[in-house]
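Just one chain follows, in the form predicted on its own, and it is written as structure tokens.
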């Protein structure tokens, strides 16, 4: 058995040294270590050896196996080095009459472009960026926003919870944030009114994916708190944003809608940019498209943030940049934004 192992060692060392390509080395590797490789088949014969013989053969087998593996790896590096050297001397000649390949140049993602436009618009009005964590507690994501445990409004968000027991946190209390509103209470507690902040980044939901829904999505939200803030401010800011992104002709309207952390709440509609309010398939014949959600911050939420609702009032207003990008760029499927499809991204 010792001679057999040494013969394999000798034969394959010569084959490895003489190999000229990576393909040859792959073949040698399979011959030795493949499913029916010569070395990998040898241990099946060890059962016939005496214990004394086995104590000699086993270390020898392991030693030679490692030597051959290292020899193949070294030869691979040598062959690669030769290939790289040969490529250094290669010259690419363009055939006469053939067009040169178009130079490709990177650019910002369409969603990032729209976010930058949005940030610029609100920065002009004195809004500053405020960041909140992606992984957050149930308290900041729901409870302090007037959505206690067991509240039916929680069904509005398909939440992705994290196995929190291993972090010493009660089960069901750690999650991937479902909206940027998890930053509202933090902003109120860290900043003193009057305050104008904008929160934007990724949110996560357990969604059934379709052309208008994704499990990972972007959100943009503003929180504006001061003395005398009213729904008139909400109407102005909505129209200011829509016109800044979609054009001067668009109008905004507020429609009653329920959100637990605002009172009153509003769905913010924009005049359909495709039919200019006449009614079409995109807007379902209504002439309007729902583009944002907003409302006056609930007095209890202000209290939770350490702000006296008798002295201050505020608005919270949020939009999905990807939904806006779908309208602005005429994109029919929201999933394209995170598909990594270069043909799609190069259009923008």
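Positions refer to the first chain, counted from 1. From a predicted model like this one, the values you see are computed outputs, not experimental measurements.
Below: the form predicted in complex with 3,4-dihydroxyphenylalanine, not depicted.
Under a 4.5 angstroms heavy atom criterion, identify the one residue in 28, 283, 301, 294 near 3,4-dihydroxyphenylalanine in the predicted bound form.
That would be 294.
So 3,4-dihydroxyphenylalanine isn't shown here. In the predicted bound form, which residue out of 224, 261, 241, 142 has a non-hydrogen atom within 4.5 Å of it?
Contact with 3,4-dihydroxyphenylalanine in the predicted bound form is made by 261 alone.
Is there any non-hydrogen atom of residue 219 lying within 4.5 Å of 3,4-dihydroxyphenylalanine in the predicted bound form?
Close contact exists here: in the predicted bound form, residue 219 approaches 3,4-dihydroxyphenylalanine to within 4.5 Å, heavy atoms only.
State yes or no: in the predicted bound form, is some non-hydrogen atom of residue 196 no more than 4.5 angstroms from a non-hydrogen atom of 3,4-dihydroxyphenylalanine?
Residue-level check for residue 196: no, no contact with 3,4-dihydroxyphenylalanine.
Using the partner position in the predicted bound form, report whether residue 204 sits within 4.5 Å of 3,4-dihydroxyphenylalanine, counting heavy atoms only.
No, no contact at 4.5 Å.
Though only this chain appears here, would residue 75 touch 3,4-dihydroxyphenylalanine in the predicted bound form if you measure heavy atom gaps against 4.5 Å?
No.
In the predicted bound form, which of the stretches 176-184, 120-128, 105-113, 160-168 has residues with heavy atoms within 4.5 Å of 3,4-dihydroxyphenylalanine?
Result for this chain: 176-184.
For a quick check, can you give me the residues of 229-249 that have a heavy atom within 4.5 Å of 3,4-dihydroxyphenylalanine in the predicted bound form?
Nothing in this stretch is in contact.
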